[in-house]
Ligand SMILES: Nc1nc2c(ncn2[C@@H]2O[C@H](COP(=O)(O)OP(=O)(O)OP(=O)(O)O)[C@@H](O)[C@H]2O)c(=O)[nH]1
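Read the single chain below, which is given as structure tokens and is the form predicted alone.
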């Protein structure tokens, strides 16, 4: 899962780590040269040591450097020779300059785009890393790999933690029955995801009702009915072509009457350009006012999933998303991009074909997967 993205992040970490090690070595050598100069001045020996530095450091110049206040750079930050000398000699630090990492940050952005990360998300990650590194001082001898990895983790965490909420805690505290409507395009595993969620709730000792709200697709009612029978869960269904808003309404009323905890409503898959079906979806949500609307799409769809999520969210604002087939997704672009572009969290990932192959999405879990 997400192997290609993990590989590209590892390549960036190695490349920029090498740059930082080079800058550290340069700072160490500069510190040695300047220390030698200071000792020479102290001994009263007036010599001119040949170096790459253009400024002769004397004892008075050293005092001037000591009194120089710490700069507060603004990106793009530029540092003079004295800044670098002061950092190396007196603080045993080296300064990370934009010119040192500019090309590698560009390569990172290209690598993210190749992993199906949406452009604005890739730009956000790169900008976050730039702000985290450029203009900062790092101790000579510090772990360059850890510096880069920490910057990457923080940048990715920012874009996948948008509006995060604890799904299980929400269900626990919500008034019952909790009604959840599942929406999305055709063929992304929405009906199977409804069944997986039913199994998950059942294992948590919640009582569940399924509403067969997909009356548009041939065989859809039979498909969700088979899942309900396999799970031993009550299903509310009408004939093919019936009004899905009415079916879901009936399921909610049944749940209230029988004191059921959860209503899971399947709906027909639809493209955002199908005006009639989108209007139908708006009616479903208007009539039933569900507690949660969940968008379902395939992780392997990459940027297509991200764009569809944005369009669905603009038509019927959803509470969060579930990405199916995450176990087959080597790129990971959708998992990183959807939260940031929609402002809504990823709730679960589908990782297999059985009812139990559904895992709760946690931002730290993804970070661990990418950097394990």
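Just so we're clear, the structure is a prediction, and the values are computed from it rather than from any experiment. Numbering follows the first chain given and starts at 1.
Here the subject shifts to the form predicted together with the ligand, a form of this protein not shown in this document.
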Whether residue 244 contacts the ligand in the predicted complex should be assessed with a 4.5 Å heavy atom distance threshold; does it? no
- Query: Does the ligand get within 4.5 angstroms of any non-hydrogen atom of residue 327 in the predicted complex?
  - Reply: yes
query: in the predicted complex, does residue 288 have a heavy atom within 4.5 Å of the ligand?
result: no
* **Interface membership of residue 217, the ligand in the predicted complex, 4.5 Å heavy atom rule** => yes
Answer key: of 207, 280, 223, 161, within 4.5 Å of the ligand in the predicted complex (heavy atoms) is 223
The ligand in the predicted complex has a heavy atom of only one listed residue within 4.5 Å, and of 99, 253, 203, 186 that residue is 186
Note: the ligand not shown here; in the predicted complex, the stretch from 188 to 196, 280 to 288, 152 to 160, 121 to 129 having heavy atoms within 4.5 Å of it is 188 to 196
Contact check, 348 to 372 vs the ligand in the predicted complex, heavy atom within 4.5 Å, ordered by sequence, gives 350, 351, 352, 353
